[in-house]
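Before any questions on how it binds or moves, here is one chain, the form predicted alone, in structure tokens.
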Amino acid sequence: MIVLSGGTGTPKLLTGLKELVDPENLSVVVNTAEDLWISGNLVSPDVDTVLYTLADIVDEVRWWGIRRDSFHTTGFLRTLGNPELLSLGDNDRAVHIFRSELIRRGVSLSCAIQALAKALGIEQEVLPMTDDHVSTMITTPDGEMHFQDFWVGLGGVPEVVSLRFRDIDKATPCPRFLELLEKDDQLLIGPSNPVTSICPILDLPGVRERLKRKKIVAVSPLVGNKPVSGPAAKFMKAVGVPADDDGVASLLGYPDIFVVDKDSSYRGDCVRLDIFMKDREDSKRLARSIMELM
């Protein structure tokens, strides 16, 4: 099974899926358009959340970082007058150093993540969407900025005029992702932000064309017609689609099976389920329902 993932929503679902799917049959392809270098190391927020989820060490309160991590380095950097854009835990930072050292030696991002997964004892396959550098850029009335500057630096407050995935036209899906697209006949799109988490994966050259030959199951990230968290509604309006499940379906290319919340106003062909996941039991319940659909 191929799962397309961003942060938060899909990792929550993965806590259930990993209990139901044999590890060798689960491959997760993750958005990397929100990656950035901080203090000399590559931070890959969505990839790391997936890794920590599969390793069962994710902070399930914030859905980023490692559970019970300390922040001594971040705090001391701030004391020294060098605050970082993202607040990085000490163990989390060790992961960034591990990955970045491999990349500095010439190792591809895919291979660096594979090494990380092995070191963390993860049996499932975790892949970046591409080994090339793609960045989500947000345009506000004050100009264009990286996604993390908008969401973390400015708290997602400014109006969003437009957004783009810089250099996506020059990128290619990572080799293993292409291999999976050739051999697997179905794919699950997880409940992550459709604009900035899923569209970067789908918009890689050749991906949407390959998906036309597959059975696509997609889970909406909206509960009661609203995003559970994050700036999805603001981004959806900025790219010209309604901030509802009609907009989600159009961005995802109208999947073969579209799973929406039981209270969704969507009138198209869909499967209605209770998709809100407040704990592991909810995640497992939803994962079981999706496995039955697939």
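Given the structure is predicted, the values throughout are model-derived calculations rather than measurements. One-based numbering along the sequence shown.
The protein also exists as the form predicted in complex with a small molecule; that form is not presented, and the subsequent description refers to it.
Novice: Considering non-hydrogen atoms and a 4.5 Å limit, does the small molecule approach G247 in the predicted complex?
Specialist: Although the small molecule is absent here, G247 would stay clear of it in the predicted complex, with no heavy atoms inside 4.5 Å.
Novice: Check S229 for me: does it contact the small molecule in the predicted complex (non-hydrogen atoms, 4.5 angstroms)?
Specialist: Yes - in the predicted complex, heavy atoms of S229 and the small molecule come within 4.5 Å of each other.
Novice: Should S220 be classed as touching the small molecule in the predicted complex when contacts are defined as heavy atoms within 4.5 Å?
Specialist: Although the small molecule is absent here, S220 would touch it in the predicted complex, with heavy atoms inside 4.5 Å.
Novice: Find out whether any non-hydrogen atom of L17 is located within 4.5 angstroms of the small molecule in the predicted complex, and reply yes or no.
Specialist: Contact with the small molecule, no.
Novice: With the small molecule left out here, work out from 264-272, 53-61, 229-237, 250-258 which stretch has heavy atoms within 4.5 Å of it in the predicted complex.
Specialist: Result of the contact check: 229-237.
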